[in-house]
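The chain below stands alone, shown as structure tokens; this is the form predicted alone.
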Amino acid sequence: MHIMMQRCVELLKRVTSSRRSYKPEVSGSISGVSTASETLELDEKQPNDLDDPMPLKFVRDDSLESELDAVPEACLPSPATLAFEHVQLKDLEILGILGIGTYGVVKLARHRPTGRAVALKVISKDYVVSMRQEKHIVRERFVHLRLRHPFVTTLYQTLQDDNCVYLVLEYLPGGELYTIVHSETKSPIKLPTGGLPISAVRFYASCIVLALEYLHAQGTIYRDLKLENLVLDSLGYPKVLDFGFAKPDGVAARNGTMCGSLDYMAPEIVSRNQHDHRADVWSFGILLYELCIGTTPFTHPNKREQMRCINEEPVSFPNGFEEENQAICDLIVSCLAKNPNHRLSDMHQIKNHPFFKRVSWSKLLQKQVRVPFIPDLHGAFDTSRFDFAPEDPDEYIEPYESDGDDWAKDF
């Protein structure tokens, strides 16, 4: 095994808590979950267009403040219009590690000329080539650079040096939506029985619908929808990130690649049949179920049995849930039809479902609605929502020796 990946595995054990130990992962998501204890505080009222409860804020009860918290910068979301046309690696001051994934490491950095926080995704060229992932990395760059949407993470620029390629991304300090759904210490809106209040589910689901609608309008299928790939900005709005499995010009086409995370994988992908954007509709249905219940509907410790459940078993709900929440259960069932021809066909149909009848889509796009949870952040470099770790002094990148195939020439 490559030395870099050995270092990543060792560091991963130190900076992340246990997550989805039952889940067979196929995806290359990079993420982290914090475990610091926090207390609640009610926020003041805001206009309500999604029938949400009064939003909640975190107030950390520790007396220690990190050096990053003291950085004198307004905690504002990085606008998509922020220009990094001439950024160079020497302009980026690395502050530490936010998370580790299959294909690389995500680091927090300060862009010295502007003083802004950015996330830097670092991917070893040697590892990309050894795993034959050149096409995926190039495709991720191509797809993500052209995306500009309120609920899609902005990729500002890509870079490279002799050994690595780099993605300069918008830093989202609010942490993963996974934390909101599953953390016992960092989510004041998580229900004791699992999952979130229906009003919170409606809010997060509405944002995701708009993001997927935008991607599909661009001709792109996402194919990796899951809680870990949805990260909150400083205002509490979720954004989609990680486009390693996204496929441009894939909405009208039939695609055969088996990719994504098994818990969210559509039957046609599991069966290695042709698929299109309706695979995203299935994943959206799985995500809705997890937001409501706190687990995915077809999870199983045995991978083969889980694949059988995905292909054959009907979706079921805990006792009493369906009777009390008929609208969202109907939406979930409509998204999780085994045959894609029987599924809701696109995000437009989903938006018109009765579950979303009270949503003001235009106000949501403008971020003028109440959110169910607002992270309490201390500056743009706050890392309290992640298992942040200082730079590993022993980190080692395997030297890359090109075979003449200049696959990273556009980075």
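Residues carry their position along the shown sequence, with the first being 1. What you see is a predicted model, and the numbers here were worked out from it, not measured in a lab.
There is another form of the same protein, the form predicted together with a small molecule; it is not shown, and what comes next is about it.
- Message: Taking a heavy atom within 4.5 Å as contact, would all three of 210, 285 and 359 count as contacting the small molecule in the predicted complex?
- Response: Per the other structure, none of 210, 285 and 359 touch the small molecule.
- Message: Looking at 234-242, 310-318, 185-193, 88-96, which stretch has residues with any non-hydrogen atom within 4.5 Å of the small molecule in the predicted complex?
- Response: Selected range: 234-242.
- Message: So in the predicted complex, is the small molecule close enough to residue 169 to count as touching (4.5 Å, heavy atoms)?
- Response: Although the small molecule is absent here, residue 169 would touch it in the predicted complex, with heavy atoms inside 4.5 Å.
- Message: Within 4.5 Å, heavy atoms only: does residue 247 come near the small molecule in the predicted complex?
- Response: Close contact is absent here: in the predicted complex, residue 247 is far from the small molecule, nothing within 4.5 Å, heavy atoms only.
- Task: Mark residue 267 yes when one of its heavy atoms lies within 4.5 Å of a heavy atom of the small molecule in the predicted complex, and no otherwise.
- Result: No, no contact at 4.5 Å.
- Query: Should residue 226 be counted as a contact of the small molecule in the predicted complex, where contact means heavy atoms within 4.5 Å?
  - Reply: Residue 226 belongs to the contact set for the small molecule.
- Query: Just one of 295, 102, 157, 160 has a heavy atom within 4.5 angstroms of the small molecule in the predicted complex, so which one?
  - Reply: By the 4.5 Å criterion, the partner-contacting residue is 102.
- Tell me, out of 277, 121, 125, 111, which residue has a non-hydrogen atom within 4.5 angstroms of the small molecule in the predicted complex. Checked against the cut-off, the match is 121.
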